[in-house]
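Below you'll find only one chain, the form predicted on its own, shown as structure tokens.
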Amino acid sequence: MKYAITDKCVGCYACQLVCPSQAVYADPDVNGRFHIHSRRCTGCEDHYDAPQCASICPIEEAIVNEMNLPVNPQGSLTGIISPGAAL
């Protein structure tokens, strides 16, 4: 697994549209929920410098890396960090 989608995903389909490996798929049981196929995800290596799913995702903490760390952590897109958030 390179990347995974968390339950913060709002189901906007953006990541599915830009994935060059077609690794993003809709959850067949939960409407508006997406996952990243662990075997298909390459992290966009050989295609782009950055993972395209995380680059286009408008939601902070919706995509995590192999270490389960958000690629777009809280405040990275909005500049707003809630009190008590880990920095």
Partner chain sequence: MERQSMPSTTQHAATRPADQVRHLLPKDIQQQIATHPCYSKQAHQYARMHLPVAPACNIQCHYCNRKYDCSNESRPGVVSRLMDSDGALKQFRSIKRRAPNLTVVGIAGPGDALANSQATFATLKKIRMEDPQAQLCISTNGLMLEHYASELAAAGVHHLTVTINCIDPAIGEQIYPWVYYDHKRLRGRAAAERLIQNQLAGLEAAAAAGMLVKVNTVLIPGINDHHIEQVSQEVRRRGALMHNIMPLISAAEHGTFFGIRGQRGPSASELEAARAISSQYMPQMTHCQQCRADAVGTLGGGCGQSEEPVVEHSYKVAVAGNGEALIQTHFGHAKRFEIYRFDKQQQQFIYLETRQVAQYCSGTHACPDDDSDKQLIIDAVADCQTVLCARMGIAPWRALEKLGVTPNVDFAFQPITEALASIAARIATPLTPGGNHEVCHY
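Owing to the predicted nature of the structure, the values given are computational and were not obtained by experimental measurement. Positions refer to the first chain, counted from 1.
The form predicted together with its partner chain exists for this protein as well; it is not shown, and the discussion that follows is about that form.
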Although its partner chain is absent from this view, report whether residue 69 comes within 4.5 Å of it in the predicted complex, heavy atoms only.
no
Decide whether residue 52 counts as a contact residue for its partner chain in the predicted complex under a heavy atom distance cut-off of 4.5 Å.
yes
Interface membership of residue 64, its partner chain in the predicted complex, 4.5 Å heavy atom rule
no
How about residue 13: is it within 4.5 Å of its partner chain in the predicted complex, going by heavy atoms?
yes
Whether 4, 30 and 41 all lie within 4.5 angstroms of its partner chain in the predicted complex by heavy atom:
no
From first to last in sequence, which residues of 29-67 have any non-hydrogen atom within 4.5 angstroms of its partner chain in the predicted complex?
48, 52, 54, 55, 56, 57, 58, 59
